[in-house]
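What follows is one chain in structure tokens, specifically the form predicted alone.
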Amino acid sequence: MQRVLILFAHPRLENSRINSRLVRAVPRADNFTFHDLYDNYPDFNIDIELEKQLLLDHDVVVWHHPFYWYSSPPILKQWIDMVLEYGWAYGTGGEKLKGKVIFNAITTGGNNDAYCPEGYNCFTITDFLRPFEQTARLCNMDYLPPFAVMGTHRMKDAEIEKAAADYGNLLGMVGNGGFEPDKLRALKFLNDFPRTGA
């Protein structure tokens, strides 16, 4: 069994039909911790020692957030700035997170065609997530491709339900340790994981 920490950051979850459904798909099991940053830190006063302990207590970390202005909501950046300290997460003596698996779970209003050199946003999702990837690499973590629910503005109920089922299925397999990171790195999105049985 793998212990999975969902670091969730959404400032207006009550207005989100996609993320609220994804959250309900997170397995209710002892090896899963759902940690809502906005709910726990409405004043942005992050408890650094608590957050460090949560990281130490888990094997897999998921940065779950909507894709705001090609990045994340501000509290997740605050979390990265405050918690991943030099000498603890990276740098001299900073090996506390070495070998832990991490990936983003994101939602975007634009569809996949909007995120390419010919598309409206000019760059791919992978390009935009490079700062997260490099942060993970600097901390000696094993960064995997994202789970991405795209084109959310036009999604129908059945599509939302399928995305939630895929997310829950992925998390369930990750929690059970039924995944091989080397194979997953070859995927564009982790959405393909439940269907490929990687």
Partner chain sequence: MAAADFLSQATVYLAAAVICVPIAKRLGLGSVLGYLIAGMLIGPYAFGFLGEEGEDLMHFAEFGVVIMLFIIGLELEPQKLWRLRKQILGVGMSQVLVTAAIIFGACLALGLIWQSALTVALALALSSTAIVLQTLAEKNLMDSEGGRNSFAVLLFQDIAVIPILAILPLLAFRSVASDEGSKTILEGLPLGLQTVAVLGAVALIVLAGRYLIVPGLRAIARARLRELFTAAALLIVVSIALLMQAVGLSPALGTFLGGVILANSEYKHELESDLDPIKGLLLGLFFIAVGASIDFDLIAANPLLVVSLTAALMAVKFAVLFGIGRFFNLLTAQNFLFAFALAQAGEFAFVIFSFAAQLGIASSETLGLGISVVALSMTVTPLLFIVNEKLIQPRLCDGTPKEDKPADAIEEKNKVIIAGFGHFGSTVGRFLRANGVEATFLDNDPDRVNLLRKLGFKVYYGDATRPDFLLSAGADDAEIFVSAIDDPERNYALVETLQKFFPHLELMMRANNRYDAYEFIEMGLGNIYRESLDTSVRLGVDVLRKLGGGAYTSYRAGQQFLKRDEAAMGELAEHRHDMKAYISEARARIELQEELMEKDMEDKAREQDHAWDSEPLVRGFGAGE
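Small disclaimer: the values here were computed from a predicted structure and weren't measured. Residue numbers count along the first chain shown, from 1.
Keep in mind the form predicted together with its partner chain is missing from the figure; the text below concerns it.
Residues placing heavy atoms within 4.5 Å of its partner chain in the predicted bound form fall in a single listed stretch, namely 39-47, out of 166-174, 39-47, 125-133, 53-61.
Taking the partner from the other structure, its partner chain in the predicted bound form has no heavy atom within 4.5 Å of any heavy atom of Phe147. Remark: Tyr120 counts among the residues lining its partner chain in the predicted bound form, judged by a heavy atom distance of 4.5 Å or less. In the predicted bound form, none of the heavy atoms of Leu22 sits within 4.5 Å of a heavy atom of its partner chain. Although the partner is absent from this view, Tyr143 stays clear of its partner chain in the predicted bound form, with no non-hydrogen atom inside 4.5 angstroms. Contact residues in stretch 1-34 (any heavy atom within 4.5 Å of its partner chain, taken in the predicted bound form) are His10, Pro11, Arg12, Glu14, Asn15, Ser16, Arg17, Ile18.
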